[in-house]
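Just the one chain here, laid out as structure tokens, in the form predicted on its own.
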């Protein structure tokens, strides 16, 4: 074990603070620098759409599976989008096997809230026959390797997978009350909005860390996730407790997030073109 490793093991707080005092982190990044993002689509052949996303060492896979469902009585002209996130012990010792943990459930709800608030899909587009047949899109997200900031990685994976979706044509014979599904998947989704999130760990009132690693998260005192649309407008803010964020600081984080949206959407679009 090297001297640095010994120092990190026995005095992790002082070890980490020494880097911050030099305006950098143990992985070499400046405080507000994001990790490189890698997106590959079509990585799950059995899904209607899929994507694998890497933020540094954090790796997430999303597969979208489409099933025919019956619309609800309250919304007979709408289909469904159901995100589900799984965080297994194989990706990090912080997670346990069995029923979904609190973080997995919070992340599933976060994705659902973003899809709804940003208007990513018009659920009416998923309805084939009102009150009878609609599409239900199950967005299954699995973290393969966890090194912090799974929120941003999961949302990018879901957005990339949705843009990769091809649905089969469903026709309805009203006379015989029968639905027929084509064998080929040819119909893309009509994506109406492409939001991107940016997560920051709050270390102090004056120090924020963009795109935190697992180590950054353990040293911080709370996180804030800012979700921005393509036009730079704020559409969702996730702040699950922790240190309060001053208004001026929050404004600066929103500006940083807005600058990043176009770049990440270009990465997703390029990954889609490579598959086509």
Partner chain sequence: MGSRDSRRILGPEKSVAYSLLQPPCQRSFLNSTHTRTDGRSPADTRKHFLSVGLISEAKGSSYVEAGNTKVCCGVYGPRDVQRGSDFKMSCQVVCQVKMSPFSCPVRLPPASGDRDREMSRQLKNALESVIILDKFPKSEIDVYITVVEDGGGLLAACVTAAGLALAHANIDMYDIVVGASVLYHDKVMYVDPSRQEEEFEAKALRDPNNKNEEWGQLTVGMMPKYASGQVALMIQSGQMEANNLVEGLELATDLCTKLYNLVKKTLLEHVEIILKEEKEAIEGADT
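Please read all numbers here as calculations on a predicted model, not as lab measurements. Numbering follows the first chain given and starts at 1.
Below: the form predicted together with the partner chain, not depicted.
Asker: Taking the partner chain in the model of the complex as the reference, which of 115, 142, 128, 165 has a non-hydrogen atom within 4.5 Å?
Answerer: Residue within 4.5 Å of the partner: 142.
Asker: Tell me, out of 46, 221, 248, 233, which residue has a non-hydrogen atom within 4.5 angstroms of the partner chain in the model of the complex.
Answerer: Partner contact (heavy atom, 4.5 Å) among the options: 46.
Asker: Given the stretches 22-30, 236-244, 47-55, 221-229, which is the single one in contact with the partner chain in the model of the complex, using a heavy atom cutoff of 4.5 Å?
Answerer: Looking at the other structure, the answer is 47-55.
Asker: Is there a heavy atom of residue 91 no more than 4.5 Å from a heavy atom of the partner chain in the model of the complex?
Answerer: Yes, residue 91 lies within 4.5 Å of the partner chain in the model of the complex.
Asker: Can you tell me if residue 66 lies within 4.5 angstroms of the partner chain in the model of the complex, counting non-hydrogen atoms only?
Answerer: Yes.
Asker: Consider residue 193 of the chain shown here, and say whether it contacts the partner chain in the model of the complex, taking contact as heavy atoms within 4.5 Å.
Answerer: Residue 193: no, not in contact with the partner chain in the model of the complex.
Asker: Could you tell me if residue 122 has a non-hydrogen atom within 4.5 Å of the partner chain in the model of the complex?
Answerer: No, no contact at 4.5 Å.
Asker: Could you list the residues in 210-225 that come within 4.5 Å of the partner chain in the model of the complex, counting only heavy atoms and keeping sequence order?
Answerer: Heavy-atom contacts within 4.5 Å come from no residue here.
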